[in-house]
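Next up is one chain by itself, shown in structure tokens, the form predicted on its own.
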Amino acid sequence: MSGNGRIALVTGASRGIGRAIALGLAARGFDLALNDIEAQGAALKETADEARAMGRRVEELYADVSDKAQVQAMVADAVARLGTVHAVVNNAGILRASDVEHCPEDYWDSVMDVNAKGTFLVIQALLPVMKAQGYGRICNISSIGGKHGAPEQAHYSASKAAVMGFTRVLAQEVGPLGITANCICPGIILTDMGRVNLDDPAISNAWKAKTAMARIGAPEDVAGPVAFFCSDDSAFVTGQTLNVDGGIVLS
């Protein structure tokens, strides 16, 4: 799964799964455009510097993926600095927990705006670039939460289900253009966002018991499958959703 100097844009790359994906792609030979919001600037620089230490070209790009103007400027900046973008990993995402009855409207809107609309906006901005070069690899990060969900995450589950449905249709539209579009569904992964619950031994042990591999995932567990979808090893794979969950969703 060599990147052969191809260029990948990774959103939400400052920490957690996004950071692991960025470093995994760098280790496999991809040059990188790394995105996050400005508040994550210090962490994004750390990720970028680690990738640079592997000998890769890396550019840091700040944008809120839910804002169309910022996304378009980010993509234009990436192309100006690196020449083009061959692959994109739409990883940026948020979770604001609430039950359905009491969920504030702004919780629903913000989660849908970042997780679902953000994925759409980034791809919409990149498609002219990929279409012009007759090549593209799109990897959208959904979640097993989009398949089954959990209490107090209905809006998050809805946003991740939207990403899967969007990816299936996108694959049909862009396939003739030399572009593939696939989806990754991480399971229970120990990140800063996941640590809120997983630091509780009872919750952590309960998830381990539901997982065929009897462990919680690490962000690095997601990097290899993403690299596959970003490489030519997956040249005849599109419209697919891959569970990366250690065996929670057995399908």
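One rule holds for the numbers: they count along the sequence shown, beginning at 1. Note that this is a predicted model, so its numbers are computed, not measured.
Omitted here: the form predicted together with a small molecule. The next part is about that form.
Within this chain, residue 192 lines the site of the small molecule in the model of the complex, having a heavy atom no more than 4.5 Å away. In the model of the complex, the small molecule sits within 4.5 Å of a heavy atom of residue 14. At the 4.5 Å threshold, heavy atoms of residue 64 reach the small molecule in the model of the complex. Although the partner is absent from this view, residue 94 contacts the small molecule in the model of the complex, with a non-hydrogen atom inside 4.5 angstroms. The single contact residue among 170, 78, 126, 141, judged by any heavy atom lying within 4.5 Å of the small molecule in the model of the complex, is 141. Across the proposed site, 18, 114 and 186 without exception bring a heavy atom within 4.5 Å of the small molecule in the model of the complex. Here the chain stands alone, but in the model of the complex its contact with the small molecule, taken as any heavy atom within 4.5 Å, falls in 142-150 among 97-105, 171-179, 78-86, 142-150.
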